[in-house]
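A single chain comes next, written as structure tokens; it is the form predicted on its own.
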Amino acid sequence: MKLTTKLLAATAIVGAGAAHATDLEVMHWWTSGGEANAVSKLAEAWDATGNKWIDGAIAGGGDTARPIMVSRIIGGDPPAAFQFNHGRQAEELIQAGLLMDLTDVAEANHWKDIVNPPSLLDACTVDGKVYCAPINIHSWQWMWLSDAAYAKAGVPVPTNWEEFAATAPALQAAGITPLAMGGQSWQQNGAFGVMALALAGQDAWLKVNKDKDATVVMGPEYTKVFEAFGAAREFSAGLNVQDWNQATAAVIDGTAGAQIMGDWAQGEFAMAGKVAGTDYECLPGLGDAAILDTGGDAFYFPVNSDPAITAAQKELAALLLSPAVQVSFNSAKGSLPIRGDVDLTTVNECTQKGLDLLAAGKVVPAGTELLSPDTVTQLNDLMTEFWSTPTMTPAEVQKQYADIIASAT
């Protein structure tokens, strides 16, 4: 979404409109079963302080929620806090002076010393000022596989992408869709990003996403990725679902063999009572390149005219990074904490794999930190067009992808 200079200049910031200073409306797009459970941990922690969490959940994911949130803010009726992915999504709101400077909170609570990796706090920092509170590390770089589906098909659970592709016919013969994929554009583009990092390699991925090198998109490393993505499109035939958690549910009930989705899928497995290593398996980097992209979620706090609400906003920002909240929220969400000094000895083996990769420094920035929202939207649209158009070839989408990267900022 573009915010025009004229519109921003005409915007008047008014009070948040809460019933009293400690009632804070918090907007987010966490509405699946696992996500709602995780949000409840935040609400419980805030309410326990004597304040009140007013939940402003918006169904439909970030693509639906972000324009609504922005409209509220520029329309003079901002919530007290809202969730974005930390990175470049809030650039224009910050430039327009609509978001609160949290530098004093960050310094008082030593965020620079506790946030790991440092890139997460860097993604909240503009011109030396901190504008958001990072709350977790989410990585797209996972494939989730159903033990029951592979047992029914009579083949071993794959350990990498190549094995997955080789076993796909056996699943199809057993009436199982090999790859669960929802109909939202961010899902297709996100899955492609996972495949690109795993199959093209870190160097090529960084040249494309960080350096905006379109020649690499047209090179042999990425040609392999686009061809694999074309095969993935065929593997998903037969399962018609829209939301990501509906695709996850297909893996949970064994009607699909696998899903490429971020670690937030773990919240759905947990809510269904499924056990990692017994009911489902997880492959970071598709089993080919065990690495995490360290994106995630952060909370931003719009400027308002009520000093009491401003004080409460800063109190909430500090609470989000407290050790107890970090443990309770991330354990439910399936994500990793942004601080390494908390006790996570009870996490499952998939979360432990993520922690081990984080400790080993096997990380790259998330695409949302490297690409502008406009570029991400263009790529989302392109990849969903490819996914829903069987006549569109991998070579055709590769050329269009290169054109978008060439003009990216």
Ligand code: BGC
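Heads up: residue numbers just count along the shown sequence, starting at 1. What you see is a predicted model; the values in this text were computed from it and never measured.
Just so you know, the form predicted in complex with this ligand exists too; it's not on screen, but the next bit is about it.
This ligand is not shown here, but in the predicted complex it comes within 4.5 Å of a heavy atom of residue 264. Contact check for residue 85: a heavy atom falls within 4.5 Å of this ligand in the predicted complex. Residue contact with this ligand in the predicted complex: residue 293 places no heavy atom within 4.5 Å of it. Among heavy atoms of residue 369, none comes within 4.5 Å of this ligand in the predicted complex. When contacts are defined as a non-hydrogen atom within 4.5 Å, none of 164, 224 and 235 contacts this ligand in the predicted complex. With the partner omitted here, the stretch from 378-386, 44-52, 336-344, 24-32 that lies within 4.5 Å of this ligand by heavy atoms in the predicted complex is 24-32. The contact with this ligand in the predicted complex, taken as any heavy atom within 4.5 Å, belongs to 244 out of 192, 244, 299, 144.
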